[in-house]
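Shown here is one chain on its own, the form predicted on its own, set out as structure tokens.
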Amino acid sequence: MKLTQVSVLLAGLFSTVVVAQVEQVIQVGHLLDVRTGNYQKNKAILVEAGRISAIVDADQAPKGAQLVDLSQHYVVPGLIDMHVHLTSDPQKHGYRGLVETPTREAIFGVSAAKATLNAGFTTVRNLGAAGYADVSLRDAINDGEIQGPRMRVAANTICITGGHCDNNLLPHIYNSRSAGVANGPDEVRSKVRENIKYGADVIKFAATGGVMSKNTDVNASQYNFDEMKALIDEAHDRGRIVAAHAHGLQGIKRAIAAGVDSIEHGSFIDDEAIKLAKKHGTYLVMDVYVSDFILSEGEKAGILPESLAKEKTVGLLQRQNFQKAVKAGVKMAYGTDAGVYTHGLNGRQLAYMVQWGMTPLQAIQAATVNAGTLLNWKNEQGQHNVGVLEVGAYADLVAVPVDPLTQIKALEQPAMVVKSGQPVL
């Protein structure tokens, strides 16, 4: 047998194997390459075991597999929200939340997870939940018991005594404190280890006061440098990325200098801190939509008067500093703080990011490839699991009827959401 005949035979056998393994074929009219901003036209995404095995021209797609026809649509990777609280009910802020148990919060999370997935967010980073409720929610989704996005979870937010994320609502006679409280380098290391022991994929700590917490100064630093460094080093040693809740300037600078992976909120960031973030490659995750909900709906949702007053000093400033950070070219990832506001409205922030200085492509990149890179969640071959539509990634995508690069708000109401190659129903 001649060499050319052998090559043809092997090619035919290989083609047969590929066809036999392909479970779904997703035909796409306009496929956005989020790295370049260019569209690939008339493509077919081949799916095996929930992952992308190949992307070929539509007329080269194998026959016989389940077909998802998006030939008339514009398609982007499944969106990623890097700051959510799926177990938090946005109608139970402040003292209303005291009646909630972690079990009840996990049950609430079932509907929140489905709403988030329906909105096109196929992956989320859940930054804080009591009683490991987010771990239970993640595991139920992974086991196919309920529908929801892929979750990377932080469990208990690590914080100082009396700081943001401690329970400061009750007087001292109740001796109430949150499970994430830790003081000093040794205690914070121990708390990181405890969170990981019980299922945390990522670590979150409070570096400053917060809007939603009682008796905390939103601009005041919490944790000194040595404590932050011990916490972050311990998490990195265990292969976890670290997010710092940080509105205040000093806390932002300390956390960046200590090696944190992302700054959440970043409201009081200044030019010097922006330069520091660029130098260290730190991501900013700035929730520039949520202020509208807090100031318009917050009182009805039980948000404390103190918190409403703080938001009035923070909201506009945060958006202005977001604009500065975009112009400076700081790494940005998409995060909304869903749970403070109604779950399933995550896509609304895209238009706000465009309004405050991003191009539509930059906003989409923040919610896809940038978020996926920050998440640093890879398969055995070292390929990113989420944030891109490339070979090896999960076959997660969002389809809309118009070009989102010209009509960004189209992504607020996807025509179809696909997770692991299967349309979400």
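Just so you know, these numbers come straight off a predicted model, no measurement behind them. Start at 1 with the first residue shown and count on from there.
If you look for the form predicted together with arginine (ARG), you will not find it shown, but the lines that follow are about it.
Proximity to arginine (ARG) in the predicted complex, defined as a heavy atom within 4.5 Å, singles out one entry of Asp261, Asp287, Glu105, Asp166, which is Asp287. Though arginine (ARG) is absent from this view, in the predicted complex it lies within 4.5 Å of a heavy atom of just one residue from Gly298, Gly210, Gly251, Gly128, which is Gly210. Taking the partner from elsewhere, Val314 is found to have a heavy atom lying within 4.5 Å of arginine (ARG) in the predicted complex. Contact check for Met353: no non-hydrogen atom falls within 4.5 Å of arginine (ARG) in the predicted complex. Using a 4.5 angstroms threshold between heavy atoms, Asp134 stays clear of arginine (ARG) in the predicted complex. Shown alone here, Ile256 lies farther than 4.5 Å from arginine (ARG) in the predicted complex, counting heavy atoms only. Contact with arginine (ARG) in the predicted complex, judged as any non-hydrogen atom within 4.5 angstroms, is confined among 167-175, 140-148, 116-124, 243-251 to 243-251. Within 4.5 angstroms of arginine (ARG) in the predicted complex, the stretch 263-299 places a non-hydrogen atom from each of His265, Asp287, Val290, Ser291, Ile294, taken in sequence order.
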